[in-house]
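The chain that follows stands alone, in the form predicted on its own, written as structure tokens.
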């Protein structure tokens, strides 16, 4: 079993590397391999091809990797925390809260909230507040189905507020928010990568402290508590990490649906384990690979039709979730 899992890891890591390289070459402009090497090690700011690689293609590839893995891991955390395969940052309204605060920041007109720092701060704040609301209801409600309904209602409530804001916004602000809400990886710049990578690594490093509690939670909340897990603290840490991931990704890439819902379920099917030391790495690899493939396809289709990232992930993720629901009912 261990040997088979090692082979599976090796195959998936190889696939991730291949897909990442293909993603770098999937743009409409043909660029020589030497220009990619020079853009990384011998950068010439006057060379157009090197500028495209360094300022557009490389940041987009990194953004796809971070967004895919971050959403997959946050979905895994929510599904383990609530013991429900239909839980996720998008379904539970965490992404919606992040979107609401980004809308508020874009429509205020204050210059600070138009900056990357302002938008990122707004997205993180919205995600964390939504997470706290869901956490509050998780203490009050025993039924996970009820909690999912609360999440859906929270998403609908925030969407209504966003709709009101859109009705009273200027044309330029409305256009900017509409384009942002479709989801895209192409707006991440090279100058933003240090902040994005640092914040992502900080969020990921916190996972080390909850691997054992995550494994204990598979047995149920009461069993985990008997094993010494501080449930209240564990819930707060899970919500916090999820909010950090969701806020960061939503701020720079817009809302991306179904990745955090579908990929954790797919990972459990592929690896056939509930050990979170494996699931965290597996979600990182499969989530990154999935979004890199999706974004490569979007770039290849650009001459024919412009496809919003959020719509494509929904088209692929929704049927898979329907399959999971039907399988669970059987």
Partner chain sequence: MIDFEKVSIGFDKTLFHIDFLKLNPSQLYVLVGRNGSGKSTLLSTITGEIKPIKGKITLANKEISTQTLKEKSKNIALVLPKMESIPYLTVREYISLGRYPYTNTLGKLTKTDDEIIEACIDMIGIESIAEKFTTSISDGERQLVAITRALAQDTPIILLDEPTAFLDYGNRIKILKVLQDLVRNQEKCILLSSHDIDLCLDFNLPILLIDQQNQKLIECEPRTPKAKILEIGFEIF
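Positions refer to the first chain, counted from 1. If you're wondering where the values come from, they're calculated on a predicted model, not measured in any experiment.
The discussion below concerns the form predicted together with its partner chain, not included here.
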Margin query: Using a 4.5 angstroms cut-off on non-hydrogen atoms, would residue 38 count as touching its partner chain in the predicted complex?
Written below: no
Notebook entry, point to check: Do residue 219 and its partner chain share at least one heavy atom pair within 4.5 Å in the predicted complex?
Noted result: yes
Note to self: Contact with its partner chain in the predicted complex for residue 170, defined as at least one heavy atom pair within 4.5 Å: yes or no?
What the structure shows: no
Item checked: 4.5 Å heavy atom contact, residue 197 and its partner chain in the predicted complex -> no
Next item on the list: Specify the contacting stretch among 297-305, 25-33, 266-274, 49-57, defined as having any heavy atom within 4.5 Å of its partner chain in the predicted complex.
Entry: 266-274
Margin query: So its partner chain isn't shown here. In the predicted complex, which residue out of 118, 155, 183, 213 has a non-hydrogen atom within 4.5 Å of it?
Written below: 213
Check: Which one of 244, 162, 229, 135 is close to its partner chain in the predicted complex, taking close to mean a heavy atom within 4.5 Å?
Finding: 229
